[in-house]
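Single chain ahead, written as structure tokens, the form predicted on its own.
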């Protein structure tokens, strides 16, 4: 995959899949804007990679998406790929669900990628670029105790299909990757105690046919494949990479 001369925005680039994605794009020749809430973790992502620039933003701020795209255009004058990776996972049993928690979850998982895509659109039209959204295997299978998270990822998958159809005539491709449980800080970031996190990981490993959780690098590789400029006829697809979990 060749991305030399192309520019990429990766949200949620401070850790996990986002960090691996930013580094893989840079290794493939792209100029990358890594976006996240914490400057120190973004700096770690960039490390020695001169092709990775960082932009600190809380995407739940309604003005942040426009600022992200403006930063990329100000730096490089073009945008070829938008990777909507930032998101939050939250265990929220129905009996404990609140309006505020639902709103916060959808602000990051649904509203933010929508606004990023909106502001990126004029620039993607110029480059006939692409959007890659990051969903989850739970975007199309049930998650007891996490229905609102699953619903937010189902929304991401429907955004993907609808945008793909809306933008196809303009040569803009839109696809999504739906990873299964992957090693990252997502569970800890959800506020779960360490013992609970470890139990969830063991339970997930027991359900995944391939017997292990995913590695961020092997997931990120598929994001690059979906964004690959040579994939000229691939749009509106949701690719599940989950070690076979969706089959059981």
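Here the structure is a predicted model, which means the values were calculated and not measured. Residue numbers count along the first chain shown, from 1.
The protein also exists as the form predicted together with a small molecule; that form is not presented, and the subsequent description refers to it.
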Q. Is residue 153 a contact residue for the small molecule in the model of the complex, using a 4.5 Å heavy atom cut-off?
A. yes
(Q) in the model of the complex, is there a heavy atom of the small molecule that lies within 4.5 Å of any heavy atom of residue 44, even though the partner is absent here? (A) no
Q. Taking heavy atoms only, is residue 181 within 4.5 angstroms of the small molecule in the model of the complex?
A. yes
Q: Tell me, yes or no, whether residue 175 is in contact with the small molecule in the model of the complex, where a contact means a heavy atom of each within 4.5 Å.
A: no
Q | Among 120-128, 93-101, 167-175, 145-153, the region lying within 4.5 Å of the small molecule in the model of the complex by heavy atom distance | A | 145-153
**Q.** Among the candidates 159, 108, 73, 115, the residue which, in the model of the complex, approaches the small molecule to within 4.5 Å (heavy atoms)
**A.** 108
Q.
Quick check on this chain: which one of 59, 33, 30, 69 has a heavy atom within 4.5 Å of the small molecule in the model of the complex?
A. 59
